[in-house]
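Just one chain follows, in the form predicted alone, and it is written as structure tokens.
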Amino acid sequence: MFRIVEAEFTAPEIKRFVIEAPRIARKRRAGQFVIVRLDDKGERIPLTIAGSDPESGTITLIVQGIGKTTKAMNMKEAGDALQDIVGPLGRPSDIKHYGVTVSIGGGVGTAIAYPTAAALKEAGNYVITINGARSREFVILEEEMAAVSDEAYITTDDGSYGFHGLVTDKLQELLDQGRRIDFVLAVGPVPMMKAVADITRPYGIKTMVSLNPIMIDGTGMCGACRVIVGGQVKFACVDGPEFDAHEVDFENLMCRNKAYADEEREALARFLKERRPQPHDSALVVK
């Protein structure tokens, strides 16, 4: 069992957990993830490690409540425990001195972009971060991203905070200004990552994306997380999760991610109908 030390909502449907996992905390590197199971009958879900503290033996996970399991996890509080956490899994981010780097996080993808931005800064890069959200209330990790950035930008779709527009609009603005950019990491919804790749491709900028396909075991055995990269089949759990954005077949990824959409909706509806009302039900809104 893995005890939850801290649990707090940082935005609607988005909750930050600090969890006791000393061996993972000692070994994890930027870009890696864990597989979490809430109880002995629960499904296995992949969650990127947003941070760790080897001294206290804890890892930080940021969870957006979308489906049955993530909403159930967001009902957990400090003092509760998770059945299983397996990790660290996946290949770490390729951290080296590139020069000028841009780390882009769309929505909860910021939690994945943040540790890599911190590692890029530590490696001596000039770090620009672009943190995007639907509106001001959905912005996460603003102070943390700013602390590891030479330039930090917030974008909101509705213009309620920061730059009015998408993260891709801000990236294009920087390029239109003639800014030198040597490396881009983009993490977020698949259409956003595809759009970033389309923008950087003509400039020949090395661009990486962290993929989020359906995943079960996280060790390359089940094959559920297969993606097409450079015309070849790869497994996101062991070959990734980060890949060259200019070689990813995003259309295939989007189709595969919709494979169980009906079943996921049914499972969520059944869960919300059968569970007992909770004090924080305002955070469990079906979308």
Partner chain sequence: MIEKRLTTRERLRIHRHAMPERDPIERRSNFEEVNLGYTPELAIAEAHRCLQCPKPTCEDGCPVNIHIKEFIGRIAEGDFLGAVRKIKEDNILPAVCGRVCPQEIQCEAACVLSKRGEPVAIGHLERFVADYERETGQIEVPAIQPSTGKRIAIVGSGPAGLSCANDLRRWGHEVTVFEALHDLGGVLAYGIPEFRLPKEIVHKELDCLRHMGVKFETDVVIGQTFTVDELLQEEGYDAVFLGVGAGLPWFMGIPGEDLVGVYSANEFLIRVNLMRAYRFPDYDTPMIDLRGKNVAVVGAGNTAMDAARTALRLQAKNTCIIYRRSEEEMPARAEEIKHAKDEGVKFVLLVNPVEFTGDEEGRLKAVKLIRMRLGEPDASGRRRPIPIEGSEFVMELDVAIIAIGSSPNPLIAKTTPDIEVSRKGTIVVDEATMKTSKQGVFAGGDVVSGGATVIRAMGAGRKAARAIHEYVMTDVW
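Positions refer to the first chain, counted from 1. Source: prediction; values computed, not measured.
Keep in mind the form predicted together with its partner chain is missing from the figure; the text below concerns it.
Contact check at 4.5 Å (heavy atoms) against its partner chain in the model of the complex: all three of D84, I228 and A259 pass. Of the listed positions (V139, M75, L89, A118), a single one reaches within 4.5 angstroms of its partner chain by any non-hydrogen atom in the model of the complex, namely L89. Stretch 209-217 is the answer when you ask which of 130-138, 196-204, 98-106, 209-217 has residues with heavy atoms within 4.5 Å of its partner chain in the model of the complex. When contacts are judged by a 4.5 Å heavy atom cut-off, T69 counts as touching its partner chain in the model of the complex.
Interface membership of L272, defined by any non-hydrogen atom within 4.5 Å of its partner chain in the model of the complex, is ruled out. Residue contact check for R29: none of its heavy atoms lie within 4.5 Å of its partner chain in the model of the complex. Proximity of P54 to its partner chain in the model of the complex: non-hydrogen atoms within 4.5 Å are absent; the residue sits far from the partner. Residues T219, G220, M221, C222, G223, A224, R226, I228, F235 of 219-236 are found to place at least one heavy atom within 4.5 Å of its partner chain in the model of the complex.
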